[in-house]
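Before any questions on binding or motion, here is one chain by itself as structure tokens, the form predicted on its own.
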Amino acid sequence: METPVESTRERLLNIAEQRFGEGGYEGTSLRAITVAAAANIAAVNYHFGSKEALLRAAVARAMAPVNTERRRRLDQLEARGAPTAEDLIRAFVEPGLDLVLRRGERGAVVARFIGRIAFDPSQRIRELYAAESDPIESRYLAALRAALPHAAPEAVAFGYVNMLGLLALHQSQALTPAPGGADAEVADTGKLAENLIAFLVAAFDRGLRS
């Protein structure tokens, strides 16, 4: 059974995800979050310390399962030896869609939140987001460069940044329930992943210029 303290903390994180995803960091007041969470500023200070720390905790919670699955898949691929670019793209994209968009009714909230924060106008907020994702993402970038030895490192980096952007775009836009209910939504998510992977594989294979 959850304690009242745990319940308040989770409520603040849930509302922060929703409000930051809708209005961005600067466009969302701490008061709006606390009112919606039936809490107060003292509760934020107690559990997190500040508005920025609340955002950091929300990002960490949202990205943790995605990062864990990406790390697991990359470890597995590298243990087999010399993964292809397609192997790496699939291992990166699928967790980003599956573990975000299939979180039941909260999937849309989490997807919008991640997409919004990843491209926030504030460099400070983008840096905060990157701090949660960079360790595993830097491994994928290095692996892609190894898998594409004939492409210039800066060209691979260019493709990689665009892969991040497309993934965040689809995370934030694939929010409306699919016709037919939950089963159709899962099927549509799988189709989206396959189409995005095919597009990215072609882009990395034929679209990069040294």
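In this text, residue numbers run from 1 along the sequence as written. Basically, rigid core = biggest C-alpha set you can superpose within 1.5 Å across the two forms. The shown structure was predicted, so the numbers you read here are calculated from the model rather than taken from an experiment.
What follows is about the form predicted together with the DNA, which we do not show.
Using a 4.5 Å cutoff between non-hydrogen atoms, Ile41 counts as a contact of the DNA in the predicted bound form. When the DNA is considered in the predicted bound form, Thr28 lines it closely, a heavy atom lying within 4.5 Å. Among residues of the shown chain, Phe158 is not one whose heavy atoms approach the DNA to within 4.5 Å in the predicted bound form. Although the partner is absent here, Thr68 sits far enough away that none of its heavy atoms falls within 4.5 Å of the DNA in the predicted bound form. Residues placing heavy atoms within 4.5 Å of the DNA in the predicted bound form fall in a single listed stretch, namely 41 to 49, out of 146 to 154, 160 to 168, 41 to 49, 56 to 64. The rigid-core alignment places the CA of Ala42 2 Å or more apart between this form and the one not shown.
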